[in-house]
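A lone chain, given as structure tokens: the form predicted on its own.
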Amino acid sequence: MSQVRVRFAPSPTGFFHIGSARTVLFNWLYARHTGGVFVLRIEDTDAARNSEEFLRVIYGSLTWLGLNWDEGPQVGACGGGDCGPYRQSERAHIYREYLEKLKASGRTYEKDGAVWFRLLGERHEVFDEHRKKTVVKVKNAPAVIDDRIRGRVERTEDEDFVIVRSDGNPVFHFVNVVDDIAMKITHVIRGEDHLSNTSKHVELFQAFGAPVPAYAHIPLILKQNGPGKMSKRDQGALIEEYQKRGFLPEALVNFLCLLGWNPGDNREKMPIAEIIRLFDLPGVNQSNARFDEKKLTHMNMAYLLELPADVFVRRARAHFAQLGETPFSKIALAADEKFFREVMLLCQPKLKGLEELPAYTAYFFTENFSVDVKARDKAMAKGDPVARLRELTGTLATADWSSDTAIEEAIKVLAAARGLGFGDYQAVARLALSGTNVGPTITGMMRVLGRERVLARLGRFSPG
């Protein structure tokens, strides 16, 4: 078999959708699995809707996800190749050349200022009830598509169709096929919503005398709630959201792999090298996949938990920097480097995502933190919490502060002497130190804050 060549052909007309990310990922995985070539082609012929900003979003999203392209627009280390230009807006001369080939073979005609593709076969007129007019139909054999995912599919084109509009612009079907021929694409992996286009494309490939690529139509991604395909307007649909929220790209890639594909066992979290080794088109499901942000968040948490300490701290710092010139991010980034590292590593096991870091760590970096009313009411409702704080302050003033275990042991000794439990001191201490009832371990919090700061906060805490 000749070398596999696949392509992803986005239009820079909007932000990068989760469905587009899954499509490019499946193409990229197949190229890497087979030792093939992954081509990025920009379909930017719609001048009215195209935007350089959206084009930068495409490049940035692919780079962030780690989906490097072998051929295509030159961006950093990606791109280049012998089949360019890789932007359709720069390929008009190629489309004219291919159009002349069709004209020379008698497969086109002009009508109403547009160029039409002529199907082969006997013609007859019928009245179309839906369009309320008489149309010319062609007796044409069905196009047989041996879809690598959906199996044998037959679709029949029985009407000529436009390939160049009256304004002189070629239509999607024509340029799509021309580019696939010129770029030697062997496999077309795309969403099943394109399946209805495939018979037109097969007709054009055959008219050019070109080999028809292998097609693989992947299932749709359904919205989280309710029926229908996930659209750009649905929550969680845009890749940019996950970048801004500090999701790990490797977690998102792993999650996207499982939307319509499985490795043949019950594994979910897998390194990308293993996914590449296992990925193949027969493993892609025919049924649609439902997006589940809770599952993605859980996947992200698992990846966060396994990050090496230096990597996690570096990514945490980058996330704070991404927040811009907010008062809190400035304070956090200006903190002592050792203290910042200790805070981040203390919180790492509890985080679902980096987006939680500002709220989760605010009280470490400032004395001016807010107090959660519900947490306060709950902590102050049992026993005599003010007395507990006084007792705790006295104990912690002389306690061994060398480790979490030492601090915990000091509190347990105090609790036992008063006939109480560790929790009787923990809840009100956490409230006084952080203003909330959630967070890392109370002893870890105390150790990182330091004895002086802990005693000061306990001493000035007011229950009112």
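What we label the rigid core is the largest C-alpha set whose atoms superpose within 1.5 Å from one form to the other. Don't overthink the numbering: it's just position in the shown sequence, from 1. Keep in mind that what you see is a predicted model, and the values were worked out from it rather than measured.
One more form of this protein should be noted, the form predicted together with the RNA, which is absent from this view; the next part is about it.
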property	result
Close approach of H319 to the RNA in the predicted bound form, 4.5 Å, heavy atom	no
Any non-hydrogen atom of R32 within 4.5 angstroms of the RNA in the predicted bound form	no
4.5 angstroms heavy atom contact with the RNA in the predicted bound form for V162	yes
4.5 Å heavy atom contact, D377 and the RNA in the predicted bound form	no
Heavy atom within 4.5 Å of the RNA in the predicted bound form - residue from Q206, S105, Q235, N288	N288
Among the candidates L420, V438, A406, A397, the residue which, in the predicted bound form, approaches the RNA to within 4.5 Å (heavy atoms)	V438
Whether G60, H187 and R451 all lie within 4.5 angstroms of the RNA in the predicted bound form by heavy atom	no
Location of the RNA contact in the predicted bound form, chosen stretch of 214-222, 95-103, 310-318, 177-185 [non-hydrogen atom, 4.5 Å]	214-222
Residues in 355-383 with any heavy atom within 4.5 Å of the RNA in the predicted bound form	Y360
After fitting the core, D310 CA displacement of 2 Å or more between this form and the one not shown	no
Post core alignment: V135 C-alpha displaced by 2 Å or more between this form and the one not shown	yes
Core-aligned CA displacement of A104 at least 2 Å between this form and the one not shown	no
In the predicted bound form, shift in Cα separation for G191 relative to D158, 3 Å or more	closer
Direction of the Cα shift between G191 and R131 in the predicted bound form, where the change is 3 Å or more	closer
